[in-house]
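Just the one chain here, laid out as structure tokens, in the form predicted on its own.
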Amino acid sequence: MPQSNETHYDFSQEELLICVISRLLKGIEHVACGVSSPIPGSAALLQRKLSGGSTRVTILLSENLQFLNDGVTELFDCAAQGRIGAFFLSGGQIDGKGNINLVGVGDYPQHKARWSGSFGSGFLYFVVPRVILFREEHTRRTMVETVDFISAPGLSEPGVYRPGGPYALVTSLGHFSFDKKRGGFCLETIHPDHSLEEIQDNTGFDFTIADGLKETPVPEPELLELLRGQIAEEVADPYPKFAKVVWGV
């Protein structure tokens, strides 16, 4: 069982997840985020502050947080040239091999439910070195044994050129790393007020458990101060609704 943190400060789930993801971005020179990624985007901005500005952040459609002249097309060019170190992907379904499904539920093409589509996920999954999978909902509906449709594969056959791929999975229950050699996830930490049994009950795929499994560190007071001040103001540019709901900005 994980060891519990002795002190719990007053923080929201969003703030906890932002801090979890921010730690996973340490050492990255350039982080890019999509238009619907307020928690990852906030984490990237927090890491930029903690790095003293050495981490560069690009958030699509932001007025002040992107340098792109040609939007998504230029983002793909940067990724292909190795100029993006981390990106975030999600999925209506994520399975134990790191495959993601952004298309729909059921047999293709007669889906029972249809989602927005894969867009460039397959490309970015192959070329960005540190892809962090993020999905708040952690249930057997989202964390499945096998996705119904592969929008982007977590693994490739030997000999396939692939500098990128899954690095971690962060959900409302815990943080997993991805072992490319084994081809699966490993549970690294469990978020406060949750348990290993809860994660096992709500996960449709098998995963390993890290030696010395611990509770996810809670946000420190100085990080919460940063989030609720400078970061909240910056986040209000690309994600105004999120900033208002979470921080009242």
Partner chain sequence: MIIYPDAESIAQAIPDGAQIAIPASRSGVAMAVTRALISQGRRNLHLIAAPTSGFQAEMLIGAGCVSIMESAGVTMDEQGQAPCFVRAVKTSTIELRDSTCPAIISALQAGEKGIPFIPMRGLLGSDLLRYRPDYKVIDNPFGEEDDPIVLLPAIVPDVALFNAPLADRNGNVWVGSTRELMTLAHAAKKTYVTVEKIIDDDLYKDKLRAPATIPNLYISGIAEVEKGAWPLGQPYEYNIDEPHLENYVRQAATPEGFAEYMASNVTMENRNAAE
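Positions refer to the first chain, counted from 1. Since this is a predicted model, take the numbers as computed values, not measurements.
Not pictured, yet referred to below: the form predicted in complex with the partner chain.
Q: So which of 178-186, 204-212, 66-74, 42-50 is the stretch with heavy atoms within 4.5 Å of the partner chain in the predicted complex?
A: Of the stretches listed, the one contacting the partner is 66-74.
Q: Heavy atom within 4.5 Å of the partner chain in the predicted complex: which of Ile150, Val131, Val144, Leu173 fits that? Just give me the one.
A: None of the others qualify; the residue that does is Ile150.
Q: Would Ser90 sit within 4.5 Å of the partner chain in the predicted complex, counting heavy atoms only?
A: No, Ser90 sits far enough from the partner chain in the predicted complex that none of its heavy atoms falls within 4.5 Å.
Q: Is it the case that Ser118, even though its partner is missing from this view, gets within 4.5 Å of the partner chain in the predicted complex, heavy atoms only?
A: Judged by the heavy-atom cut-off of 4.5 Å, Ser118 is in contact with the partner chain in the predicted complex.
Q: Can Gly122 be called a contact residue for the partner chain in the predicted complex at 4.5 Å between heavy atoms?
A: It does: once the partner chain is placed as it appears in the predicted complex, Gly122 has a heavy atom within 4.5 Å of it.
Q: Taking any heavy atom pair closer than or equal to 4.5 Å as contact, tell me whether Pro109 reaches the partner chain in the predicted complex.
A: Yes, Pro109 sits close enough to the partner chain in the predicted complex that at least one of its heavy atoms falls within 4.5 Å.
Q: Just to make sure I understand: among 231-249, which residues lie within 4.5 Å of the partner chain in the predicted complex, judging by heavy atoms?
A: If the 4.5 Å heavy-atom criterion is applied to the partner chain in the predicted complex, 231-249 yields only Lys241.
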